[in-house]
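A single chain, nothing else alongside it, follows as structure tokens in the form predicted on its own.
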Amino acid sequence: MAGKIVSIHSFRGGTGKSNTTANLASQVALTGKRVGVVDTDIQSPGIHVLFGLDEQKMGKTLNDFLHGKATIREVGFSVGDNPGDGEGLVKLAGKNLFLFPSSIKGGDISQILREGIDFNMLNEGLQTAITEFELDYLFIDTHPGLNEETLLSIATSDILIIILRPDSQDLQGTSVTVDIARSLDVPNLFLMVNKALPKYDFAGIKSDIEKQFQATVTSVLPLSFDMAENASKDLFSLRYPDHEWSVALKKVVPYILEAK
């Protein structure tokens, strides 16, 4: 099968999108799949931190590719060969997980803000990454909100997972995103609720949101102080696989693996 593009999106920032993307991609890699992760949040990149990658270790970035200074092959960083030293990250040793990071340098970010992104080139890069790395899944950590690059990544997705918190601002914004995804004929549209207060009725949240959007809620993840305390230092679901947040996150994996 050709590799599937899985876009992880949220209407607003602060929903835990990068954390969720990194943890989900890692869980899928642990099942033996070949997985890529692209940080297309080029204005405020961050997913590299979760994989223990800092500016010194980074090498070539998506920015270099977009400016014709590197091939996508040179950008792909093998997490399985360089898993970092977190207790969770170590579990990725030898796995087929590749990260395509964006630059964290101020000059590179301001150049993208000034000149914009060549969307055709970005799309071509994603397709090339799938082919050259023989990926089963390519996860895209999108920029929050709705702008041109987000619409492009939604339009090219085989699977779109929209993350929302159970509050009225997120519900309103998600409603717009769902309508757009449906108009773009995304084959598999899923919702995931994050940061639900533990005192809430999770089954009730799931059924209310499914009714409101006529879309599947894959899981409801609790607001977790343990998760916040982890502060992006390691991959939480790998380090604490039995924690309630990790258990809830892992419920999303079958939806990705079984999507047609």
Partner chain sequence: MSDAILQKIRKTEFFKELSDAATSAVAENASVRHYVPNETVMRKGDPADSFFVILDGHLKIVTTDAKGDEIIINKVGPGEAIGELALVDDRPRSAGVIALDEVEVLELTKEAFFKLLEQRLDVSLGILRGFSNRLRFSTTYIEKVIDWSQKTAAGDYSFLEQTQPITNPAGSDDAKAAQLLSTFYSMVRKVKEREDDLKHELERLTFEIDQERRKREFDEITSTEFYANLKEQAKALRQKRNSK
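Because the structure is predicted, anything quoted here is derived from the model rather than measured. Numbering follows the first chain given and starts at 1.
Not pictured, yet referred to below: the form predicted in complex with the partner chain.
When the partner chain is considered in the model of the complex, only one residue from 89, 152, 189, 109 comes within 4.5 Å through any heavy atom, namely 152.
Distance criterion of 4.5 Å from any heavy atom to the partner chain in the model of the complex singles out 176 from the list 176, 93, 113, 121. No residue of the trio 44, 56 and 77 has any heavy atom within 4.5 Å of the partner chain in the model of the complex. Partner contacts here mean any heavy atom within 4.5 Å of the partner chain in the model of the complex, and among 80-88, 100-108, 142-150, 67-75 they occur only in 142-150. Although the partner is absent here, residue 212 lies within 4.5 Å of the partner chain in the model of the complex, judged by heavy atoms.
Put simply, residue 201 is close to the partner chain in the model of the complex: some heavy atom of it is within 4.5 Å. Taking non-hydrogen atoms only, residue 125 never approaches the partner chain to within 4.5 angstroms in the model of the complex.
At the 4.5 Å threshold, heavy atoms of residue 167 reach the partner chain in the model of the complex.
Using a 4.5 Å cut-off on any heavy atom, the residues of 171-197 that reach the partner chain in the model of the complex are, in sequence order, 171, 172, 175, 176, 179, 180, 183, 184, 185, 186, 187.
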